[in-house]
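Next up: just one chain, as structure tokens, the form predicted alone.
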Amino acid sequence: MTAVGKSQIPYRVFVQIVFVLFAITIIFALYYLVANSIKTAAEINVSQFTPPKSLNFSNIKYVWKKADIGVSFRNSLIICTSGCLISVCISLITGFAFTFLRFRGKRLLSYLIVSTMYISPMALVVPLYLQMRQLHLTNTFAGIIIIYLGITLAFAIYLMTTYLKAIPEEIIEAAVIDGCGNTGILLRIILPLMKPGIMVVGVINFSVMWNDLLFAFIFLQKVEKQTMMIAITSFRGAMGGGNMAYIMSSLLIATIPIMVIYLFTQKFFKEGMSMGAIK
């Protein structure tokens, strides 16, 4: 073994230890969440860390039906899925234009879009609310979706452009020679090659929209329009933090979509992260 190889051993050991500790932390958090979701209130009062004596799904059923978590869950799915699909489509088309098309002011426009990522969302709350109220878009799914698009599009375009730059220009030039137009190139060539990148952008955007509380709390004040995060916050306040089983059950329901999405897209997610890292 060379001297360079020996010097890297402590670093590799340190990295492995960090990852193991990180994995243990995540596993423990999941165990704590699931265990306390299926415990009775009496069991939680005795100990929050011991395993449940039996599987008790009455807490989950209660928060889903009686506490209207199911309605908020449906609202969040509609908002986040719609916003995510629109964001991916717009960022893919915009990234394709910035990468492969030639037009005046392209570099300046790309810089302006990227620069919006440095604007704090907190600074946009008041002007956005005034504008949305004038347009009668408060307490509507369309209004909150527009806001989420404004928040996530800049980063989505930046990521999509980065992934598109990893595609060899020779492929695009060959398609042009064969008589393929921009629409054909985008649908027949770019789209199949960009599946990993699309998955990365989609998962990130969905997670941001799903976990948002600030904008949803301000722009969706009607109970029937509230999202999952608002419902959990309101539910916790209504229960006064006393019934830990109900709170844990609502949090468990909120984590299911993100976990399911990652489990089904982790292969594409890893490939997409690799594409961006290589470029």
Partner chain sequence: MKDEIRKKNNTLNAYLFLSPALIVLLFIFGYQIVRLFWFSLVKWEGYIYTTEFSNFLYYKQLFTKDMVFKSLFRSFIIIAVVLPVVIFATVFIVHNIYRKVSGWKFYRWLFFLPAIIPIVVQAIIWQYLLNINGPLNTILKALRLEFLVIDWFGNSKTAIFALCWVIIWRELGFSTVIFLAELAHIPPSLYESAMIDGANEWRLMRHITLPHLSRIIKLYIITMTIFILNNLFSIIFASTNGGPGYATMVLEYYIYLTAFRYTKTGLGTTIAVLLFLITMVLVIIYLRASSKKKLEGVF
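Numbering follows the first chain given and starts at 1. The term rigid core refers to the maximal set of C-alpha atoms that superpose within 1.5 Å between the two forms. These figures come from a predicted structure and were not determined experimentally.
Missing here is the form predicted together with its partner chain; even so, the following discussion is about that form.
Using a 4.5 angstroms threshold between heavy atoms, Gln48 counts as touching its partner chain in the predicted complex. Taking non-hydrogen atoms only, Phe28 approaches its partner chain to within 4.5 angstroms in the predicted complex.
The closest non-hydrogen atom of Tyr62 lies beyond 4.5 Å of its partner chain in the predicted complex. The closest heavy atom approach of Lys165 to its partner chain in the predicted complex falls within 4.5 Å. In summary, the region of this chain contacting its partner chain in the predicted complex, judged by heavy atoms within 4.5 Å and restricted to 131 to 139, 166 to 174, 74 to 82, 188 to 196, corresponds to 131 to 139. In the predicted complex, every residue of the candidate spot (Leu149, Ile232 and Ile247) has a heavy atom lying within 4.5 Å of its partner chain. Taking a 4.5 Å heavy atom cutoff to its partner chain in the predicted complex, the contacting residues in 153 to 180 are Leu153, Ile157, Tyr158, Thr161, Lys165.
In the core-superposed comparison between this form and the one not shown, Leu30 has its Cα shifted by at least 2 Å.
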